[in-house]
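The chain below stands alone and is given as structure tokens, in the form predicted alone.
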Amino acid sequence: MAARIWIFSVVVAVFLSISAFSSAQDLQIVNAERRIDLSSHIVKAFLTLKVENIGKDPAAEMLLAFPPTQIKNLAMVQALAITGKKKKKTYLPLDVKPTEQPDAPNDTGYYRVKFISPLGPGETVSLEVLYILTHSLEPFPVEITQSESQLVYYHDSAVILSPYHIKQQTTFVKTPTTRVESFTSVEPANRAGKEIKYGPYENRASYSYTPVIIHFENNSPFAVVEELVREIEISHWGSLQITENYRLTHGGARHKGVFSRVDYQSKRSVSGASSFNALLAVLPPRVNSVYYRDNIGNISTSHLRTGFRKSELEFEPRYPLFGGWSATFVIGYRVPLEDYLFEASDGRRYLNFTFGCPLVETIVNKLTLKVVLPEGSKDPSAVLPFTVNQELEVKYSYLDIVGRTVVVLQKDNVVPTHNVPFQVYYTFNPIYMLAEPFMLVTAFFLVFVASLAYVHIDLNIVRK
């Protein structure tokens, strides 16, 4: 019996590998253009692909391949299908999910892109793909003084890693400044200003890979939030209370030597060029009761601008952050309940809020978002456009009896592209809104009765 099971599993594995191989041979990329933006510590890559079905059967999907050094730092992959030409172009979002392939060469990682409709034999489709990498810039040297600029390495391939044959391809790499210490030259390759061009290359076989290293200057703020805990507390009495606890660090080259405040203030463009001393948080519109503080107390170096579409909070930590330095602080604010809490057609209530981190151009290594529902809420469920870890907790606050249900959403490697709306649905009986007022009224009534009894009851044991 065991032998039969083993033979069956081998046959299935062979069948799957053959199917994967045949599907890869059924597609080819006619033209590919890749643009890599290294302007900040968040690497953004844009792919424009023209895919052709050269097989005999319709193809419903294709694969995107990534080397193991990138797959572990991959924060997001998005794909759009392009229809129409020039001014009549339309972009349709495609379903993109991570997948595994048997016998992947050199631990290659894959994402599966599903076409809107199967691609028939001889047909072509144009796609635009965006993928974002974090922690992909390696500081070198790893330690710098206050007066030195920050230099980093970027590792990639001159050609696009793909399971399909690519007839023609070109890669453009954009650097923050014109200072490029060195870059690997794979002919034809040239550099002009802030841009390095690799290609065009023709007729590259599947899984072709030509490693390149670019050593360049990047003094953009390497703001990394090691851990962010956002708590959204829903009160049916009129507002949402948001509390955000940050543990921020500078993820660039570590600072060595002493820090001179005089040089930093007088020669800001030269001394401490890779540091940062100001941050910008994009908050919801109509915020109120905003505060910014740390373990010492309130921090007054902040400025709030409110608007109809968004609010912006500019603030400064107590000290500038150099490589390896960190700071902890808390931001809190309130927003009107009617802007974010709604009632669904089935009678359930749902919160519609923004996921992610409000800080601009920031990487969050670990994000925990807690939605505290009113006491008495039942059947909570969260809806997000990407995968997160979900669990439920119970929190006790003032005058709570059974506690409040807390929906906990946790995700690692979060970037600004994750700042999209999400929903939390739950059922709630309005009678529970009277629980706390009833408890307060009852408490005051009992105190009044006790006081009245104390005044009128004679506790003397001797008759007057």
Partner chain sequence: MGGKSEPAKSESMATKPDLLNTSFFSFKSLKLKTKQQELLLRISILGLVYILAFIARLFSVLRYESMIHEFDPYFNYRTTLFLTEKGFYEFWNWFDSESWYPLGRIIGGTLYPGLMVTAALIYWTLRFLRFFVHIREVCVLTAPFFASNTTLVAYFFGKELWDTGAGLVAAVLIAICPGYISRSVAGSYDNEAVAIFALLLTFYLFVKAVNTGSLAWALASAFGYFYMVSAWGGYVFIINLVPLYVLVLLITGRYSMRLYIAYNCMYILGMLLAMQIRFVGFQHVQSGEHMGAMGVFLLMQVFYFLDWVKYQLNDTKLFQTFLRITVTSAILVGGVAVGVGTASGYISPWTGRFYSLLDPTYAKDHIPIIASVSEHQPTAWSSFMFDYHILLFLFPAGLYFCFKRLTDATIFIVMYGLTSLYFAGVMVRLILVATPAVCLISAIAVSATIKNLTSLLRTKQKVSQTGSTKGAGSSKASSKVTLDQSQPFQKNGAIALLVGVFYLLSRYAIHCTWVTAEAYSSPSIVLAARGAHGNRIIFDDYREAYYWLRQNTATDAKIMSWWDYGYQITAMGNRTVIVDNNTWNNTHIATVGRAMSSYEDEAYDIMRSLDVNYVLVVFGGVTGYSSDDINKFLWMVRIGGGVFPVIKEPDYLVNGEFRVDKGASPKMLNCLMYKLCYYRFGELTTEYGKPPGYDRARGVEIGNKDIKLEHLEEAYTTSNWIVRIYRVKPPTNRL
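Numbering follows the first chain given and starts at 1. Quantities reported herein were computed from a predicted structural model and do not represent experimental measurements.
Missing here is the form predicted in complex with the partner chain; even so, the following discussion is about that form.
Enquirer: Just to confirm the contact call: exactly one of 92-100, 326-334, 356-364, 341-349 touches the partner chain in the model of the complex at a 4.5 Å heavy atom cutoff, so which is it?
Expert: Residues of 326-334 come within 4.5 Å of the partner.
Enquirer: Of these, 238, 141, 297, 84, which has a heavy atom no more than 4.5 Å from the partner chain in the model of the complex?
Expert: Of 238, 141, 297, 84, the residue with a heavy atom within 4.5 Å of the partner chain in the model of the complex is 297.
Enquirer: Looking at 192, 258, 394, 383, which has any heavy atom no more than 4.5 Å from the partner chain in the model of the complex?
Expert: Selected residue: 258.
Enquirer: Residue 293 near the partner chain in the model of the complex, any heavy atom under 4.5 Å?
Expert: Yes - in the model of the complex, heavy atoms of residue 293 and the partner chain come within 4.5 Å of each other.
Enquirer: Mark residue 318 yes when one of its heavy atoms lies within 4.5 Å of a heavy atom of the partner chain in the model of the complex, and no otherwise.
Expert: Residue 318 belongs to the contact set for the partner chain.
Enquirer: In the model of the complex, does residue 263 come within 4.5 Å of the partner chain, counting heavy atoms only?
Expert: Residue 263 belongs to the contact set for the partner chain.
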